[in-house]
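Form predicted alone, single chain, as C-alpha cells, below.
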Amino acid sequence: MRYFIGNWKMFGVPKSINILNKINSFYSKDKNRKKYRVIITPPYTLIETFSKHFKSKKISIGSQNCYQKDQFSSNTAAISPFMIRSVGAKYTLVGHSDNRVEGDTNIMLKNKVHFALKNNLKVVFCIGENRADKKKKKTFSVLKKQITKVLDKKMNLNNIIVAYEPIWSIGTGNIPTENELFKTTLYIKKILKSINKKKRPLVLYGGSVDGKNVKMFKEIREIDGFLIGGASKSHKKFIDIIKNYYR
C-alpha cells in the first residue's frame, strides 16, 4: 500500500473543496486505486467540512498539527487531538519542520504523538536534517535522535507513519540522489525496527515531489509513499504525481 498525503499548510477556503472533488473523482475511477490511499491535511478551519463531505468516499482527512495535551485546557488557540478527532479527522501530522522551528521540542512531540494515538488518530511523524547537518554528514545521527527521543515501544507503530523530509529540500526543487534516499530510508526503517521488531515500519518521502521526479522515487521500493506540499494544492499536479508513479 502506498500513501499520497497532501499538506496544504496555510491554504484553502470552503470552495477549495472543489480541488478534492476532482482528486476524488480521479481516485474513484483509477484502476490502481486499491494500491494506494489519499490523505489531505487542510487547515483546521476546513477539517470538519471536508471530513463530512468525504466520509463515505475514498479520501481521508487529517490535521497539520495538534496540541500536546488531551481534550480541553486553558491554552489560547490550542486544538487538542481529541478536538481534531471529534470533527472527523483520521490522521495528524506531528513534528513538521515548520513547527519544530517554532519551538516544538522532543518532549512536546512525544506528548503530541501519545495523545493523538490515544484519541484514535493515526500519526504522520515528520523528521529531517537541515543543510548544515547534511554538509557535516550528520544526517543519520540527527534522524536517529529525532526518532528515538519521541517514539518508543509502548506506542503502536502500526498507527505511525514516518515522513522523511530533508529541510534543505522542502520547496527548493533540490532532492536527494537515488542512492542517498535509498540508504536513508533503509536506515530509518532500521531504527524503527530497533524500537519494535514486530512492526513493519512505513516511511514516506517529502520534499519538492512533483510529477516528473516521482518516477525516480518509484525505483526506491523502500519508500512507502509521499508527503506532498505545494503540488497538493493543485488537483492536476497532485493527480499527475499519482499517474506518473504508476506508469
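The shown structure was predicted, so the numbers you read here are calculated from the model rather than taken from an experiment. Each residue number is its position in the shown sequence, starting from 1.
As for the form predicted together with a small molecule, it is not shown, yet the points below apply to it.
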| item | value |
| --- | --- |
| Contact assignment for the small molecule in the predicted bound form, among Met108, Val142, Ile170, Ala78, heavy atom within 4.5 Å | Ile170 |
| Interface segment, criterion being heavy atoms within 4.5 Å of the small molecule in the predicted bound form, picked from 200-208, 29-37, 180-188, 60-68 | 200-208 |
| The small molecule contact at Lys112 in the predicted bound form, heavy atom, 4.5 Å | no |
| Non-hydrogen atom contact Gly225 with the small molecule in the predicted bound form at 4.5 angstroms | no |
| 4.5 Å heavy atom contact, Gly12 and the small molecule in the predicted bound form | no |
